[in-house]
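Here we start with a single chain on its own, the form predicted on its own, put down as structure tokens.
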Amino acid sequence: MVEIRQRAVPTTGSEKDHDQVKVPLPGSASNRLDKKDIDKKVEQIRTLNLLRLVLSLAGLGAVLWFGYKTVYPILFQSSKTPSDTQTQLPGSGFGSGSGSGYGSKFGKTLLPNEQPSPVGGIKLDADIEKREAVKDAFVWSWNAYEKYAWGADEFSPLSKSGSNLTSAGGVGYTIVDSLDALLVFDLIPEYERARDWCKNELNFDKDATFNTFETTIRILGGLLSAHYLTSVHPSSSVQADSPLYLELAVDLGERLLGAFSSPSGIPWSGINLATRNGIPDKDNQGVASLAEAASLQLELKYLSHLTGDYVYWRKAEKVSEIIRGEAVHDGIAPIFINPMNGQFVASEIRLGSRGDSYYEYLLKQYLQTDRQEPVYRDMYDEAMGGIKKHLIGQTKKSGLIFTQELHPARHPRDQTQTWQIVPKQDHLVCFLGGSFILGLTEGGKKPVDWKVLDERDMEDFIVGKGIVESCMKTHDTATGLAPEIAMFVQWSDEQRAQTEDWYIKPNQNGVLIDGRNILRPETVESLFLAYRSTGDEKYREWGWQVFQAFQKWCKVPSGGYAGIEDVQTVPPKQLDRMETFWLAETLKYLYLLFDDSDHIPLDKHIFNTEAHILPVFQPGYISPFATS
């Protein structure tokens, strides 16, 4: 028989008898398997092979499914379904030269029903009935404040009380924020009482920390606007008030300079108005937000123009120069910047809170100085291009155009730095639709042939009016009011994307933050700018719908208006707070939406981010940066 021999292991003595080991092969007489055992083993092998085949097919199926869900959309559906995480800034498909983006989808020309009225931005008549209804709402709000909270910074309409920002005393938050609105509404007796309070009571020597940004846009902006509007008022007695507001503005401006004492020149988030010391933001490790640092320019530059002291202008302009050097993502930037070194901190890129008014002020700085500082138009165009390229989405169900955020993330495969798309749109972002349209017309100074727009202008108009429309769609709630935050449905959520465009996130621990409405102005701001620029009556119709919803659910029987806790609940629970921007912005924009276009014309005025009205002027100072 055939034998298999193992290599002998060296041995001695009696072990030699065992130096060869004979191992019989299967089938030998000493260890033969019968037929039943053989059949059993064959069956086991067949079963094992079948199991291996099933597992291989399952693995192949998983690989094919993964490829279909990831690689296929990237290669063939990138304009529709952006992946949630990419190593570069994700692209949205918008933007000139994108080839397959939304610009080419919508075409190079507007349909007849999409073309704005030829009278847009030239001469629009007032809708007196609706305008006066808005004025009545302002009077209802102001009288309640004057009755229950006069002199206080803030008003609580349900408890009929007022409060101040700090224990050091009030700084005129509501009164100063409302001065130009009182003049716009032609409420002269009410204005005179507010003027007297400013003259006799307003004092900025407060040993407490105030927010640099809010103090600038609300109080400094309010004083500068009051100075301007009184200086051009037809009444000589009102004109005589103009020096009062400039004197107060200079006092406040001097105190605010301390915020710019950081090593880089990026302003600290807080300011002690008495000591004039800048205060870092303790809640955010001392960093400043993009919007707070870069939304002081309109106010400080106008103060320099009025006084001839360009220290304010240079402080503000330096911030813009730093950001221009740092904003490397197609003109869009993270929301946090470090005042110690002037560098951006890894953080979200978004157009809502902490980012919004930076982009708003790029265009408005260009318009404020009568288009004499082209750097801001260049920065604006680059930023709008970056927004269209990276931050615009479109829903599958209705094709709504919306904005999204980019959040820093780690790639799951190799942990490298990447960005995650979050389809979240703050109500704050709704300013952007009107801003896009304002950028087309430049307040009426740029001739626009709506029938023949170049590619960039076409994209800007489509995106601008699309954002206005999606913001109005978020008013499709039980109350007719929009939530604080809307989430839009991504294409990758296949089932939901077929039936829904947007939703409100459920409450967290019983607190519904996203579903609130706190009387914000951004949607009606865009409606005002879009109507003045195009003459399209739908913007007035939408504004009236929003106003009626405010009237129905936010009006307080004893006086004033209040925000609501949940826009999806009827009747909603009211919040005990009437924000100052309700008087300064929301009602002012609604009033001007229904007023004629000769009142505060856009070719002669700009609005700061608190809707304070400032004039367009010829600059007496232009730096090399401004023309670079």
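Position 1 is the first residue in the sequence shown; the rest follow in order. Worth saying up front: this structure is predicted, and the values here are computed from it rather than measured.
Omitted here: the form predicted together with a small molecule. The next part is about that form.
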Could you tell me if residue 214 has a non-hydrogen atom within 4.5 Å of the small molecule in the predicted complex? yes
Under a 4.5 Å heavy atom criterion, is residue 297 part of the interface with the small molecule in the predicted complex? no
The small molecule contact at residue 428 in the predicted complex, heavy atom, 4.5 Å: yes
How about residue 522: is it within 4.5 Å of the small molecule in the predicted complex, going by heavy atoms? yes
Would you point out which of 486-494, 433-441, 129-137, 352-360 contains residues with a non-hydrogen atom within 4.5 Å of the small molecule in the predicted complex? 352-360
Give a yes or no on whether each residue among 154, 174 and 577 has a heavy atom within 4.5 Å of the small molecule in the predicted complex. no
Contact residue in the predicted complex, from 364, 218, 532, 301 (heavy atom within 4.5 Å of the small molecule): 218
